[in-house]
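There is one chain below, alone, in C-alpha cells, taken in the form predicted on its own.
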Amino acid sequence: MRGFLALAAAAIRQQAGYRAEILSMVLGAMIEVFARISIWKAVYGGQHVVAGITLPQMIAYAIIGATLLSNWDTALVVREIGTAIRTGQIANSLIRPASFPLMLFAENLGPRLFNFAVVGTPVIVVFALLYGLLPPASVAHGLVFIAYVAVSTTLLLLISILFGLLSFWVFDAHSLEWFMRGFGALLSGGLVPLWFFPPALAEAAHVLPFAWITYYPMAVYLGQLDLASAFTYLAVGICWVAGLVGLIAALWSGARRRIVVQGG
C-alpha cells in the first residue's frame, strides 16, 4: 500500500510541474462546459422540461459531468501501454516489485485526483457563478454521490487498462484508443444522458460498466434515483469493479506469457 501511495504521489508531483499544460486544461474544460451548456439550452429551446429533466438539471449535468466525471482522456493509458509494448519497455515491468496493471492504476490515479482539484474545481466554481448550479437532491444523495465518484474513477481507470492490455493481441493501440474513446463517450452518458437514448440502446447501456462513469453518478446527484435504488446500483457498480479487476488479472497473466526478452 505504501508503494501504491508513493507512485500516486510521485505522479501528482510530476503533473504539478507542467503549469502551461494545467492552464490549457482549465481553458479547455471551460470551453467544453460552455459548449455543452449552449447546446442543451438550444435543445430545450425555451422549454423548461424535456423527458422529465429540467434545464437547470441538464446544466448541472453538463458542469459536473464534464469536469469531475468525464473530462479525463482515458486514451492516454491505452497509448502508454501501446508505447511500452512497441518500445520494449514493458520488459522492465517484469522486474518491478508490483504488477504492471497495479502500477498503471497508481500512476494514473494521482493525475486524476490532481485534475479534480486543480482543473475541475475552478471550472465548477466559475460556471456555478455564471449559470447557477443545483445542489444534490438531498444531503444523503450528496454523500452517496461521493461514493459514486470513487466507483466512477476506479472503473474509468480499469476500463482503460483493460483496453490497453488488449494491445498485446492486436499490436495497434491507436485503433483501441479510438474504439474505447467512442464507446466511452457514447455509453457513459458523458455527452448525452441515457434518458435521451432510444429505448433499445438505453436498455443495453444501463447495464454496461460505462454507465457508472457519468450517468449513474449524475442520476443520483440530481435525485433521479431514490436512495434505495442508488445503493442497489452502487453495489452493482462495485461488482463491475471486482469483475474488471479479475479480468485484468487474467489478461495480464496471458500477456506476460507473450513477452519475449531478447539479448537479456
Partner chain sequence: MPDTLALAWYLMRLRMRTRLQYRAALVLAWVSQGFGYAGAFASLWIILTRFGGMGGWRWQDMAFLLGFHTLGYALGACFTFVQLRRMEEIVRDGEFDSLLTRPVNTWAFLSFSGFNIEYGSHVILGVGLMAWALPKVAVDWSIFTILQLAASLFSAALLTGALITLIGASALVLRRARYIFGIYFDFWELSRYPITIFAAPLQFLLLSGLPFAYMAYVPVAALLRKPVPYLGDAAASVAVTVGPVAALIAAAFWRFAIRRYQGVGG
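Residue numbers count along the first chain shown, from 1. This one's a predicted model, so the numbers in the text were calculated from it and none came from an experiment.
What comes next is about the form predicted in complex with its partner chain, which is not displayed.
Though the partner is left out of this view, Phe196 does reach within 4.5 Å of its partner chain in the predicted complex, counting heavy atoms only. Among heavy atoms of Ala51, some come within 4.5 Å of its partner chain in the predicted complex. Within this chain, His174 lines the site of its partner chain in the predicted complex, having a heavy atom no more than 4.5 Å away. None of the heavy atoms of Phe231 is located within 4.5 Å of its partner chain in the predicted complex.
The listed set Leu94, Ala150, Leu143, Leu191 contains one residue whose heavy atoms approach its partner chain in the predicted complex to within 4.5 Å, identified as Leu191. No residue in the set Met103, Asn115 and Trp252 has a non-hydrogen atom no more than 4.5 Å from its partner chain in the predicted complex.
In short, of 221-229, 34-42, 234-242, 62-70 it is 34-42 that has heavy atoms within 4.5 Å of its partner chain in the predicted complex.
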